[in-house]
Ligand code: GLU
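Presented below, as structure tokens, is a lone chain in the form predicted alone.
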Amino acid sequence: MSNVRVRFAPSPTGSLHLGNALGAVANRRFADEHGGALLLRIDDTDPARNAPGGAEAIVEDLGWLGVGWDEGPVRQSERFVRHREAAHLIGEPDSEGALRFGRTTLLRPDSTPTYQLASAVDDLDFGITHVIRGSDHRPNAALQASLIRALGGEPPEYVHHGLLLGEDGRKLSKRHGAASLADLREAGFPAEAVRAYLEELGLPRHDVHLDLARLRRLSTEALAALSDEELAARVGVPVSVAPVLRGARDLAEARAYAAQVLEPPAARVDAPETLARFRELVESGLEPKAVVRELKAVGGDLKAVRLALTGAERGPELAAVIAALPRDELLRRAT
């Protein structure tokens, strides 16, 4: 298959919907597998849907996800003259100034092009060979193919994949825990995990339900694969704190773990014997895991030690907390 050209064509409504991100990954992979090119096109023919900064958010999202493109971004709105010319090759405006193809409006009364026209003309002009998109666009395929033929071109091959839905089978929204890439970033999912999940889905033949449990497992694996330096940089903390971050399942949890170490706890702990023994072990120079073993051996109150050091009853491994704090700080918190 030679000269393969695909396009990813989101509307600039804000951060990429997770279902759209699936399409971006699928198009990138198809282009790569066939030695082809991917065009990034911003479908902004409907001013009512365009959000301020929406196109920039999409570019940022694709960069975060690691999905590159070979051409573009091309804004459809900047090609309105070409779209208008193409419409007049197909038909003539009516008395209101609108131009229609059958029952479909191609030009509005103010001569601005509609999505159907702009999409068909751009697919033709940019030599798109395969249109890979969600099954919700399936009804558009016949019309767009007819428009391309009316302009003397050969339509691309249309490939429609299943939609990514919420776990309850409904359209993804914030109530499902994630609707957009911005939602996932805010929840602390690393980009590698999101990309891996979308790659796993591939081109689903039928609608699929978002599997947050799988996404969380991929998140844990992605964080585990990072070096101490990279993990600390993602969380925005010194590399000395890296051991504390290792049990985290996502970056939000990692930040919470880091805060337990970097922000001194306000609570006082009433466990004088355990804390005294802890101070002795720290001053003796024992390595962190040995300190925990010795405390366990004498029946020490490990929960009290954790509370003294972090102010929380749960969190990263106690040995990791001990390893992340300087000796003077350990002794100060354990007084």
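None of these values were measured; they are calculated from a predicted model. When you see a residue number, it is the position in the sequence shown, counting from 1.
Not on display, but discussed next: the form predicted in complex with this ligand.
The candidate spot formed by V6, H130 and H161 is out of contact with this ligand in the model of the complex: none of the three has a heavy atom within 4.5 Å. Only one of 304-312, 38-46, 282-290, 265-273 places residue heavy atoms within 4.5 angstroms of this ligand in the model of the complex, namely 38-46.
Only one of the listed residues (Y115, F80, F101, F126) places a non-hydrogen atom within 4.5 angstroms of this ligand in the model of the complex, and that residue is Y115.
Residue H137 is the only one of H137, R84, R246, K171 with a heavy atom lying within 4.5 Å of this ligand in the model of the complex. Taking non-hydrogen atoms only, S219 never approaches this ligand to within 4.5 angstroms in the model of the complex.
Remark: S11 counts among the residues lining this ligand in the model of the complex, judged by a heavy atom distance of 4.5 Å or less.
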